[in-house]
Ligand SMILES: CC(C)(COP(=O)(O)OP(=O)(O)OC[C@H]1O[C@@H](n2cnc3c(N)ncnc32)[C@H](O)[C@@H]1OP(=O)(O)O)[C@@H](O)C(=O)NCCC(=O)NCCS
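To begin, one chain is listed below as structure tokens, in the form predicted alone.
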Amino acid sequence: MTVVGNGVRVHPQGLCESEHVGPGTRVWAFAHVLPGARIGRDCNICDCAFVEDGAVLGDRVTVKNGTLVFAGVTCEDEVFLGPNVLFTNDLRPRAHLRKGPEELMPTTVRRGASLGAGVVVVCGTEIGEYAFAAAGAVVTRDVPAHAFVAGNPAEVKGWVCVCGHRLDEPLKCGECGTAFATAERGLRRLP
């Protein structure tokens, strides 16, 4: 690994062209971060991942192998993107029409959410805090906070804790004991 400005480490066969990468971030072999991408601190951009200009990753985000993060996608802190996650940013793409950033549909992945291997996220959606999309899910609409979604199209199948375990009824984690209550946009932790 080569250490470039600000303590960013880039594999000799990785390419990090952005000047907006936080300290401690690692960019591995054959990964490509374009100029204009904004990457937080202590992120891990794994082999063959692609982060386009206009994409934003918060702190401590994991981008696993083969994942594609296009312009208009924002991932808040501590998001996990599994292998081969794919984001879209245009509902009506045409090769002969060149669209500017203002014409692309934004997507937001809130703090602590996890997207399993091969998840496809259709643009214009919001994935709530600590939500979990199962491997292979196709997210076509907003996902509530702490929801566990699966399928094509992805549907809510249950709820998950901050620690990642499924919640038992009455919305209490059997692993760490955290209790939750329903909220307007999913679940909220109880004090």
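All values reported here derive from a predicted model rather than from experimental measurement. In this text, residue numbers run from 1 along the sequence as written.
Heads up, the form predicted in complex with the ligand isn't pictured, but that's what we're talking about next.
Residues within 4.5 angstroms of the ligand in the predicted complex, judged by any non-hydrogen atom, belong to 127-135 and to none of the other stretches in 65-73, 27-35, 127-135, 47-55. Using a 4.5 Å cut-off to the ligand in the predicted complex, each of Pro83, Ala150 and Lys157 places a heavy atom inside that distance. In the predicted complex, at least one heavy atom of Ala117 sits within 4.5 Å of a heavy atom of the ligand.
Mapping the unseen interface onto this chain, Arg166 counts among the residues with a heavy atom inside 4.5 Å of the ligand in the predicted complex.
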